[in-house]
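Heads up, what comes next is one protein chain in two forms, each shown on its own as structure tokens, labelled structure 1 and structure 2.
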Structure 1
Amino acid sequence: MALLLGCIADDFTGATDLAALLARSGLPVSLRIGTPPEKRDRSETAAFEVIALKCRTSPVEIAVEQARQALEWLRQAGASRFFWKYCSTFDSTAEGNIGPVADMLMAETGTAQTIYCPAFPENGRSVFMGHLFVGEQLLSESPMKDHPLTPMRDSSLVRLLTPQVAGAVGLANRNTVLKGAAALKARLEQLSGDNIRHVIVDAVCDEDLGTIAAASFDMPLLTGGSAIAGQLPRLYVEQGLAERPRHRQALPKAAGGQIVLSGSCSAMTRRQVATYAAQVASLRLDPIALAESGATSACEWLRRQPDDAPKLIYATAEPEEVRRAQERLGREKAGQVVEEALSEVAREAFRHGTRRFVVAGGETSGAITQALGVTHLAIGPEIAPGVPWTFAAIEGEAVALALKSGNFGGETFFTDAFERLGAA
């Protein structure tokens, strides 16, 4: 099948989120961990190719270069339309990386204007009058204000994006979106005439997303959360560019022990960890102790547990505890020691027969996936909106991985995940 859309995601959980929503269409989706080193035979590509990068919090120049390499691979694979995927909470800093990567992609693809639509109504993320809401809270009043790496203290996407990009940032608000695709397209053309190349677009429901997708479908580059991309397969089918397959791809069975590894400190993950820790053997990691002695004791604890028993190992903590660790170790070091420890634990778990992994946190998911040597993932059933089971081959063994963005899922997500896998 021809490659319809080449996608670049700024972290691994975001990539699986995007792949899950695209896969709802039944059209084939391929998720690759990092830019593949080899050039791709166009006959071997899926309708949707997603490249997962680990660049959300990388220095700007590194993020831009990684995205450039991914773009080049996708072009050589046959893509002519592209999607830049970032978090539905617009996780970023004053410098980037959302805007700088978008600027580069626009320049490389000859895109005169693009949209920014992080809204994901199904998961409670909406944009109204240019302001991002998490549930009923403004982004700046939500738990995201205390994110350990990208604290979000402003809800205005126009203000957040403006210092990151070259040129002015405009808004197409919901009053325009409600008038339909033609009115929204006219608004985008008006803004383009005013030399506004970057446009925030309001969306508070799935119907809004359908309108936005129809109005911006012809743009070579779109940017946003996974929900707006999830509207595109329907348009490809309606325009005769794709045909839904009659049968879904058969997925492997991962037989072996199960473990939850959590590095996320989001509010929802804290509740999920508390719920699951009351049910299974669990171990909490302390970043300061990890900095002094590494993951040796965690691996020893893991070896003492029955291989087939469910387990939880986590560094999830309250915001005050995170701040104390960051003050002691530095922000970057505090995160690094947790990622390294959980990666070592994941390798140890695999050596002892674990074949089903749930990982919470975008940076953690990236570190663990790379540590396990995963390069390609098949997309399985969704556990919660935007969080699917995925499958990989590691050393010839089938392994199931659920890579969960911090705030996704309900309080019983970890239990739900393994139950969903058993029923698949």
Structure 2
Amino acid sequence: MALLLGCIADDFTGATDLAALLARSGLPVSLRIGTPPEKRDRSETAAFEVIALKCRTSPVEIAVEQARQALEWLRQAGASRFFWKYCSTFDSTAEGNIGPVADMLMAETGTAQTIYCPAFPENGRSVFMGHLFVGEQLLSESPMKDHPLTPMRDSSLVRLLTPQVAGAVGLANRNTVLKGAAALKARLEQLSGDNIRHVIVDAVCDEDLGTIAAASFDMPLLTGGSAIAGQLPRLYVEQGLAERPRHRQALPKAAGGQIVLSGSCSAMTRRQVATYAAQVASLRLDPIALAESGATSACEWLRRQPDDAPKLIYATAEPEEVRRAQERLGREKAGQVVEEALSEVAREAFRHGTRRFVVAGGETSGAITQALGVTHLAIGPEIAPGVPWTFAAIEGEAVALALKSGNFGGETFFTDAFERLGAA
């Protein structure tokens, strides 16, 4: 199928979120973990190709270089329109990498002007008068102010982006967006006349996103969160660039045991784990014990469970316990032993016939997919906004994976996930 849009995402669960919103259209979406080393035959590409990088907090030169390689691959695969996906809370360090990567992509794709639209109204992220809100709170007053890697202490996207890009940053505000696509296009042209190439666009609801997409979809490069990209498939169909899908893409049936592996300690995951642990056989991992004796006993526990019984293995813990493990082992080591143990458990589960995996945690998902040798995922039905079932072939076997970042999904996410798969 002709490649309609080549997407580059700055982290792993951000890429699955983007892929999920594109897949709502019913058009085929494929997700590659890192830029594939080989150049691809065009017949093997989906309508939407997403390359997941892990460069949100990398040094600027590394992020730019990784994005350049991804762009090159997407071009080789036949893409001529591109999307640069970052977090709906604009997670970045003071140096980047949202701006520097956008600058490079604009230069490489001959884009004279692009938009920045992180808004994701369905998940409570909105932009008004250039300021980003999380629910009713300004970004800088939301829990993002204390993020360990990218603390967001300013809510003005113009101020955040300006030091990251060459040239001035402009704003197309909600009053313009409300007037419709023609008015927004006129505003973009006016800014272009003033030589403003980087434009923040306000959006507080999905209708705003529809207007913005209609005004900007022919730019060679667009940037933003997953929600603005989610508007594009419909526009492509309306413009005759793609045929309206008549039936859903056939997805592989992953037949085999099921397991939930959780390494996320986010508030929502803690509730999800507590709910699910009350229903199925579960095993809690303690990082201090893991550091001493590894994952052997967890693998033994797993082997004792009936193959077809649902099970949960988790390191998810309350902040107090996480702190204790971190004080004992160091922050990095505590995270590493958990990621390694869950990876080993995942491999053991696969060896014993598990074919349906739900993984909680962004970093944890990265570690487990890598351990299972997954490099390419097809995108299936959405379980919660931004969390789809994905499908991969591992050693020739069809495997279903749901990869959930910390705060996504409702309290019954784990049971919802398996029910959704059963009904798909």
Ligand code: ADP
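Take the two forms, find the largest set of C-alpha atoms that superpose within 1.5 Å, and that set is the rigid core. Every residue number counts along structure 1's sequence, beginning with 1. Because the structure is predicted, anything quoted here is derived from the model rather than measured.
Form selected (criterion: the form predicted alone): Answer 1, the form predicted alone.
Rigid core superposed: residue 84 CA moves 2 Å or more between structures 1 and 2: Not so; residue 84 is displaced by less than 2 Å.
Rigid core superposition, residue 393 Cα moves 2 angstroms or more between structures 1 and 2: Moves: yes, 2 Å or greater.
Core-aligned C-alpha movement of residue 288 between structures 1 and 2, 2 Å or more: For residue 288, whose C-alpha is compared between structures 1 and 2 after core superposition, the shift is 2 Å or more.
Rigid-core-fitted C-alpha displacement of residue 300 between structures 1 and 2 (angstrom): Taking the core as reference, the C-alpha of residue 300 is shifted 8.3 Å.
Value in Å for the CA shift of residue 416 between structures 1 and 2, taken after the core is superposed: So the C-alpha of this residue moves 3.6 Å.
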